[in-house]
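A single chain comes next, written as structure tokens; it is the form predicted alone.
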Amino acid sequence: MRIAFFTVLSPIRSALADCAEGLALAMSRNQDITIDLFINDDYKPDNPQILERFKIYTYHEFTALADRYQSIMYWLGDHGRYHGFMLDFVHRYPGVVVLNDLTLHRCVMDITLNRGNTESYLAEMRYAYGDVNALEIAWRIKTGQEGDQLALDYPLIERIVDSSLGVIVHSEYGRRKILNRHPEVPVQRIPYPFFMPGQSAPIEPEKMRAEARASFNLPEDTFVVGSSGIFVPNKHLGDSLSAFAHLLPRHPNSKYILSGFAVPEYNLNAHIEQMGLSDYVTITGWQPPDAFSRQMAAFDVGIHLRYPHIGGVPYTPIRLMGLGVCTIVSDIEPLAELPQGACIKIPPDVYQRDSLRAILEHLADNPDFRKEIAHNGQQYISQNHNIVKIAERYIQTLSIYGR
């Protein structure tokens, strides 16, 4: 079977590029398949493993090559620049769509309305929802008024799903959401795979932890809290930093590592300074996927809050737990399958800040409890997010729902 895999790749600064590369490499170990990658034309891939293993084409070249492929997979997320180039092909060359987010509204908006093609946007809205005030909905999403919730209410995946031969999502919540709207469409839940970029041998968590902490010049007795990724307001770093500040009088040898970068409109540095935390918080800035992933191993506790959400499963908690880091997450629908006790789940309510303060203090005071949660999390990820098994499930799904 020859597979055309439409995706984003590094150096695109997105967890979806990282995940796609890991998945493609794992699938390619199956000798019975060949995978070619199709990407946008505005960047050049830079991962040596990917460049060595795969033929990579721009999407413009697909039409001339289409007859080669028995199956097509579209790795979609709600970002117009990254994923918008795929949307026309989804309809022209049906395949299996992987919905990493449960809404593509902003993606559709970006390639239609934001480029002056109002009629195409209105046509998508009419197809999906009939007679609604589409331009008002678009304005409210664009200006942030209930943006994420409106995007979930009007996900604009209807025509894309209808055109697809099959759909893959990463949670049972996502599967139910699709089937509620499209009961006739074959939908598979396949979890994200756990892997470390550039890592071929089995990971050694203690060794990786020691190396990561040494890279930050951290003494062994430092209590390290960490958050990773692209920092936006709906990751609630204000509450996380407040809980950390509350901890400092009793644990002055603590550090908070923010492994990643903030979006330009989110003045995170100013917020840290106002809280008097400049000496305790390190912001690493953007790192390549391998370095970024290894930094997480330095954490005693990883915090990944996310609310509101747009239906996708955040990947960072999967990697934190797989590395044996005690992980705190928001108790949201896309993470419903993560059991309490393998991580610590906090409801995204008015008590979130107080809950986080109490939990973080308890974890700092009780290293044995912290290690038990970390161990449970690592075991859960090992059993449910094994990359070899997940790669085979993708191959099976693509063979069933081929062209």
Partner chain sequence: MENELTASITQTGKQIESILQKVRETSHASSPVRTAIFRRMQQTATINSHWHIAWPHWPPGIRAKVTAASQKIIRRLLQWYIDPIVEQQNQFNQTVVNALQLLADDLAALQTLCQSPSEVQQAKIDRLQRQINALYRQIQDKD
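Because the structure is predicted, anything quoted here is derived from the model rather than measured. Residue numbers count along the first chain shown, from 1.
Unshown form predicted together with the partner chain; subsequent notes refer to it.
Think of it this way: in the predicted complex, the partner chain has a heavy atom of just one of Arg181, Arg126, His251, His271 within 4.5 Å, and the residue is His271.
The contact with the partner chain in the predicted complex, taken as any heavy atom within 4.5 Å, belongs to Asp354 out of Glu61, Asp41, Asp354, Asp365. Stretch 370-378 is the answer when you ask which of 24-32, 66-74, 48-56, 370-378 has residues with heavy atoms within 4.5 Å of the partner chain in the predicted complex. Site residues Leu87, Pro94 and Thr282 are none of them in contact with the partner chain in the predicted complex, judged by any heavy atom within 4.5 Å. Although the partner is absent here, Ser242 is a contact residue: one of its heavy atoms lies within 4.5 angstroms of the partner chain in the predicted complex. Interface membership of Lys142, defined by any non-hydrogen atom within 4.5 Å of the partner chain in the predicted complex, is confirmed. Proximity of Ala336 to the partner chain in the predicted complex: non-hydrogen atoms within 4.5 Å are absent; the residue sits far from the partner. Contact annotation: Ala214 falls outside 4.5 Å of the partner chain in the predicted complex, judged by heavy atom distances. Taking a 4.5 Å heavy atom cutoff to the partner chain in the predicted complex, the contacting residues in 83-118 are Leu113, Asn114, Thr118.
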